[in-house]
Each structure stands twice: as C-alpha cells, then as structure tokens.
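Have a look below at one chain only, the form predicted alone, in structure tokens format.
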C-alpha cells in the first residue's frame, strides 16, 4: 500500500531541512508525496523552493503586513483545515518548532491524522527561550505519533517527557543532508564571477583577499529584540573597531526589529558589510569561505561544524547542547563584554580555533533522510493508525 504523505513547512530553515526529505519521498514508489507551504517566510521560502526545484501542491500564502503571532497561528490552522480535507493524507510531516509546525500538527490532530515530527526532542527547558519555539516543539511532541530525533540527547528529552521509546527514531539532522548536497552542487557549478555578482564587489573582494579574514554573522531571534539586540550590535561594532584587518559580513534579516538597530549601530563601519538576505546556496558558499560564525540562530549551530567553522552563539541557552559538548559551539550570551571577549579568544588563539574547527559534528553524516524513509516504510502500519 502506498502511504499518502503531506509535508508541511513555511519558513526558510524548515524548507532547507525538509527539501532533501521531500525530494526523496517524490522519488520513492512507496509514497504518494504532497507538499503544503504556509508562506510564513515568503521571499526566503521561495528562494529555497527554487533552489531545490520543489513545486508545492498547496500554498497558504498567509503572510500579510503587520501580522503578529495570533494572526499567523490562526491563519495557518484555518488554512490547513481545507488542505487536509483536499489532500486526505495518511500522515502529516512537520518540522522543528515554528508556528507553521504547531499549527499544522494541531490541524492534523483535529482531523485525526497521524503526525510525524522531524527534528523532534530539542529542548532548553525554558519556555521563554527561544520564544515561542520552545513551547511549539513541546506541544507538537504531545500530538505526534512518531518522533524523528536528530541526536541521542533529543531522544532522551522525549523519554523524560513520557514519550514511548518505540515511537522515537534517532536519525541525525536532515540539515546536514541539505548542506552537503548543496555544497557539492555549488562547487561543481558556479565560478567566482557568479559569487561576485551574488555578493557584490565589496564582500567578494574581502573573501578573495588572502590578507584578510572574514566572520559571518546571523542574528534575528525574537527573544533578543530590544536590549539584547542592541548589545549584539554594539559588541560587533567593538570587534570591527578593534580588528580592522577582519571583515564582518552580516546578511540582515527582513524583520524591522533587526534591520533598524543594525543599520543605526553598524552602518558606519567600512569592514562591516550589511547585505540583503542570501539564497541558500550563496549562504552556504559564504559560510564555507568564512573563518568563523557568530549567531543567535539554531540551524547554523548544526551546519557550520560540518564545514569546519567554529560557532559562537549569542544566546544564554541552546536547545542544541550536543554541539557545546562536542566543542564545535561556544555559548557567549548577549552581554557586550562577554561577546567581545569570547569572539576575540577564538579569533586570536590558534589552539582554541583548531579544536573547535576539527571537532566532530554531532548532528549527522548526511544520511538522515535515508533513515527517516526507512522508518516510515517500516512503521507504515503504526503511522496509519488513527490518533486517539
């Protein structure tokens, strides 16, 4: 019997991590695969769909100017109601911890359709950090009938919450599949002329200059808005002033809560390059060419170590403690002095840099999708059971 699978995602990170799984589902004769996107991130989502040549069967296109979490959540749940009636899936696949993930899982539950949760079991233990993601993924764990945990630590989190061990599979993280697929593709396909066009003369020039080194920055977390984000920008400004021989490249998120302080506090530095958000393949190439990464995001903590890049996380807690334990990631908080001191330590201490750059990535080997598909095939009879 062919299993009817509906994959639902709406943000750029979800799309990146779900893309290799969607492509594998489409190729397999064991599955009838459909895709629904919510458009929670519109432009950045479309870039990923184009890169991986994924054409959604359903697009809720729910983003409108001035929306808040209430608007997005309500629109996603109502939109999924009609999609599920039309698609009639045997199982719904959701990813991670976004509003899309929670809304799709809840809608499937209301329709008594089983849910499989990709990247299940990540926890900080603090519902306010990250906000609202920690609550989203915790609630989805109560709904899902199968949990694809990226690591043993994530599996243990689920067991601690009373999830049946038989319903959990440790698969690694699909982002490594996507990353390695993309890296191999771009290394074979694109030349320096292409990257110069994508990044502009300034950024490409600093990457091409062997006398200079580059730090890649990503920061957009909702819980850092306000003082935390001010601190992040002021720390970067100090680093830029004190290290004029380094370049700091920052693809700036579209959210005005990010763009406004970034432009005000960092716009005057010649070695801070504020650029527009990048398509995924360009971002992967930039990350591969950079010396290290400072970030407040989640997925890059998994990706950068596969490219041998140390990651400094500007948060007080992380739901990815495996990277900290492995030595590929350091938590540096959101205080100005702490960020500056920790980043300089990695910039200036060759031994610390080498240990971080060569540590084994705990998040996978590029075969996570294969493991998920095998589990879906083996567990088809369980997945087809109606939710209680």
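Bear in mind that the values here come from a model prediction, so they are computed numbers and not experimental data. Residue numbers count along the first chain shown, from 1.
Omitted from view is the form predicted together with a small molecule, to which the following refers.
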| property | result |
| --- | --- |
| Residue among 181, 139, 254, 167 with a heavy atom within 4.5 Å of the small molecule in the predicted complex | 254 |
| Single option in 231, 99, 306, 153 placed near the small molecule in the predicted complex, where near means a heavy atom within 4.5 Å | 99 |
| Non-hydrogen atom contact residue 364 with the small molecule in the predicted complex at 4.5 angstroms | no |
| Partner contact for residue 53 in the predicted complex: the small molecule, 4.5 angstroms, heavy atom | no |
| Touches the small molecule in the predicted complex: residue 63 (any heavy atom, 4.5 Å) | yes |
| The small molecule contact at residue 43 in the predicted complex, heavy atom, 4.5 Å | yes |
| Partner-facing stretch of 348-356, 33-41, 53-61, 335-343, counted where any non-hydrogen atom is within 4.5 angstroms of the small molecule in the predicted complex | 33-41 |
